[in-house]
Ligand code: TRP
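Just the one chain here, laid out as structure tokens, in the form predicted on its own.
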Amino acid sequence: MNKEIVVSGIRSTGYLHLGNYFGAIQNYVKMQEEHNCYFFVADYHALTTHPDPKELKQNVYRVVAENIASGLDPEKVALYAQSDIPEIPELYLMLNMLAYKGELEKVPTFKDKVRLQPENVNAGLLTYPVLMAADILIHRAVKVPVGKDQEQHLEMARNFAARFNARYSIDFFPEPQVYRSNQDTVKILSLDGNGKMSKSENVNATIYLNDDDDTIRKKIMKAKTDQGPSEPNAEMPDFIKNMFLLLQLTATPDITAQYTNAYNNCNIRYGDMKKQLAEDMVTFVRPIRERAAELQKDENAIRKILKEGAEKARPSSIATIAGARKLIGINYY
């Protein structure tokens, strides 16, 4: 029985955090048992923000190490660097002929990047969704695990696949759908209540997988709270609900129930809850941090993992490009 093909990637910028773990990596670990998985480090995507060349390689190695430390098994998946698959930029070029300036300019993430880096509005930012589509379509994936904020990019990938199929009158590319696990996608908010945890923004309100114990404690203790509920079973504000979510994800059920009951009965003591959450978070993050640090000491091992991952990913990529070239007519000998 052929397994469904799943593709997903993560940019090699910043440090992985709890949002990455619970929103993506945790699902990767489940998927690797049941699907044919291609997981990549998106180093080409990272170039849109002009990273320091000296940092780029170490960032890629760190992302690989943190994914493995979080449970990803390179023996079960193809784990590779985007730049190690030359067929991806070739398909990116082909798909750019089917993408239009007007639709790309309307993408919310492009508008956000223009706002955040007005001095660096490069063509790569504009065509970011096209490269994302190439990442997915190069393996003719049918499922892609994405958050709500990335669903528009996946819709655009489906559009590009459909346009290619219509242009050449053949169902060559499947139209990839959102992967949904049996549970709802977990969305982790920033500890200051302003948006999601981020690899580059709100760093003091984000728990990173490489944060040391004391840093985690300090960040948790500074998390935003309120005066507490004024009536029993009151609706929780999002930032309070987020703290309870983190407790639920890292603490034992009885601890979560204890503080939930305290909240519902209007006698919650946030200071005590934060201390409990901090210790549970330290216990959760520490083994990931230590395992990732250990892996990063052996660069030869990481290079071997990336090389073997690329070797797994190339046959699918080569076959896709060969088929696309033939359909387009770029096959002269």
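In this text, all values refer to a predicted model and were calculated from it rather than measured experimentally. Numbering starts at 1 and runs along the sequence shown.
The same protein has a further form, the form predicted together with this ligand, not shown here; the description that follows concerns it.
J.: Quick one: G9, H45 and Q150 and this ligand in the model of the complex, is every residue within 4.5 Å by at least one heavy atom?
T.: The answer is yes; G9, H45 and Q150 each reach this ligand.
J.: How about Y208: is it within 4.5 Å of this ligand in the model of the complex, going by heavy atoms?
T.: Flag for Y208 set to no.
J.: Please run the contact check for L79 against this ligand in the model of the complex: heavy atoms, 4.5 angstroms, yes or no?
T.: Looking in the model of the complex, residue contacts with this ligand do not include L79, since no heavy atom lies within 4.5 Å.
J.: Does at least one non-hydrogen atom of I85 fall within 4.5 angstroms of this ligand in the model of the complex?
T.: Although this ligand is absent here, I85 would stay clear of it in the model of the complex, with no heavy atoms inside 4.5 Å.
J.: Indicate whether this ligand has at least one heavy atom within 4.5 Å of a heavy atom of Y263 in the model of the complex.
T.: Y263: no, not in contact with this ligand in the model of the complex.
J.: Given that this ligand is left out here, which of F160, Y128, Y92, Y259 has a heavy atom within 4.5 Å of it in the model of the complex?
T.: Spelling it out, the residue with a heavy atom inside the cut-off is Y128.
J.: Would you mind picking the one in I216, L191, M132, A251 that has a heavy atom within 4.5 Å of this ligand in the model of the complex?
T.: For this set of options, the contacting one is M132.
J.: Among 218-226, 133-141, 117-125, 92-100, which stretch has residues with heavy atoms no more than 4.5 Å from this ligand in the model of the complex?
T.: That would be stretch 133-141.
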